[in-house]
Structures are given as structure tokens and as C-alpha cells.
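Here we start with a single chain on its own, the form predicted alone, put down as C-alpha cells.
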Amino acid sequence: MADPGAVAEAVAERLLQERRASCPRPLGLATGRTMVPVYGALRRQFDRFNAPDQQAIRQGWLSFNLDEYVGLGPTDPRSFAAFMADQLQGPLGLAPAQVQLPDGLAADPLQEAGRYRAALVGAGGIGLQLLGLGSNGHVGFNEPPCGPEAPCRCLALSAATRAQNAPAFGGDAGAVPLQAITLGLAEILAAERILLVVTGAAKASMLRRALLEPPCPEVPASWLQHHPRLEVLVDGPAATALPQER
């Protein structure tokens, strides 16, 4: 696809199709700059449905986000909970319980990771998992090195990830929390379908490593190659390092 706008529209269409399926499993959702246009497109497409269809989507909605910063709660505008409330929950008229995230303020983050994983398993696991790609090859907050069996857990964020996420913290990487709770590759790879969304030339080299080089712990996203229903949506700049179709 030529531009991020076209990618966002295509992703939003797939998410809404999944929600309108007869017996959908929960959506797996992501945050970050790549997802801002995706959720904008989803809101626009949702607004074009008639009132009964909108209500049906609302009633059937259940999603689990990949991750949350340790130490940030939903009232903190830098939290992923606040991001999802602003981008999706509020505009679509969803109840907070329909948009699940780890509790960044839990007294015991390790215990919270176990609770969150159990809640996801209890809901049937993920149907369609939406993913972005980190500059160091992470998906969710699964930092390298990371194997495909890694479970939902609390972990330390790398310097590269904290620098990548600094714009949401006034450009100060030092203000980015040191830890996060994330779904592991075990839960991600258990999804029925995975949709990897990558935009921008800065991700081109890492995308090539993730898709075309042998899977390895140093590029956690490379384990996605093993998934039987992986779909990758990229814009022109992100695709520059990939083989061109003839």
C-alpha cells in the first residue's frame, strides 16, 4: 500500500469485520504511534454503520491490550489505558470492562501479569491480534532476547524502547517507566490470526529481519513467521527492504 492512510483503513476494516463475526473471540489490540491512524480509521468506519449495527458491535465488543506501563494508571494521560479510552472506548461508547488492559498500578505486577493472562484464557484467547513492530524487533513489550514460549509477565524495558516511546513523555526517555506488563509471545502466537502493521522507512530494515531471516531470540517479531495465519500490512517506505513483486 502506498501510504499509512491506506494501511490504516485496511486494518480498521479487518478489525470491524472480526467484531461482526458470528462468534468472535476477543480482539488483541496495540498502542503506539502506528495505531493512532488505525483507530482514527476505525472510528470513521464505525460512524458509517447504521444505529442497529453500531449497537451490535458495542454489545459484542471485548478486547485485550498487549501491555501497560508499571506505575501508570488510567487517569495518567501517558498510560495506555488513557490512550485506549481516548482513541476507542469513549468514541465507540464502550464500557471500560470491554477494553481490558493490565493494571499498571497493581501492588504486585508479577501477580497482575498472571491474573491478566488467566482473564484472557478465560475469555477464550485472542481471535485477531493487532501488532506493531518495535525498532529493536519487539512486539508488545517482548524485548530481545525473547523466545516464542515467553508468557505474559512483568519485565524491564530496554533503553531502545524507552527512547522510542519518549515522545509521549515530553521527549524525555528518562521519564518513561522502567517496567511494563506485557502479553508474551506465547499468548500472541496462540491467536487465531495475527495482523502485523508496519509503516515508515525507519522500520524497513527490522521488518526485513523479522520476515526474511531465520527466527531468533534477538528479533522477537521473527517468531511470527511460524504463525499459519499471519498477515502483514505495510506502506511503501516500510516495504523498501523487502523483495519487490514482479
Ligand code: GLP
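Numbering starts at 1 and runs along the sequence shown. All values reported here derive from a predicted model rather than from experimental measurement.
Only in words, not in the display: the form predicted together with the ligand, which the text now covers.
Participant: Report the residue, out of Gln100, Gln89, Asn165, Ser79, that has at least one non-hydrogen atom within 4.5 angstroms of the ligand in the predicted bound form.
Facilitator: None of the other options qualify; the answer is Asn165.
Participant: Given that the ligand is left out here, which of Pro74, Pro109, Gly127, Gly132 has a heavy atom within 4.5 Å of it in the predicted bound form?
Facilitator: Exactly one listed residue reaches within 4.5 Å, namely Gly132.
Participant: Using a 4.5 Å heavy atom cut-off, which stretch among 135 to 143, 148 to 156, 111 to 119, 90 to 98 contacts the ligand in the predicted bound form?
Facilitator: Answer to the contact question: 135 to 143.
Participant: Spell out, yes or no, whether the shortest heavy atom distance between Asp67 and the ligand in the predicted bound form is within 4.5 Å.
Facilitator: Result yes; Asp67 sits at the interface with the ligand in the predicted bound form.
Participant: So, Arg193 and the ligand: in the predicted bound form, are they within 4.5 Å at any heavy atom pair?
Facilitator: Answer no; every heavy atom of Arg193 is more than 4.5 Å from the ligand in the predicted bound form.
Participant: With the partner left out of view, is Pro26 within 4.5 angstroms of the ligand in the predicted bound form by any non-hydrogen atom?
Facilitator: So Pro26 does not count as contacting the ligand.
Participant: In the predicted bound form, is there a heavy atom of the ligand that lies within 4.5 Å of any heavy atom of Gly184, even though the partner is absent here?
Facilitator: It does not: once the ligand is placed as it appears in the predicted bound form, Gly184 has no heavy atom within 4.5 Å of it.
Participant: So which residues in 187 to 214, when you check the ligand in the predicted bound form, have a heavy atom no farther than 4.5 Å from it?
Facilitator: The stretch 187 to 214, when checked against the ligand in the predicted bound form, contributes only Lys203 at the 4.5 Å heavy-atom cut-off.
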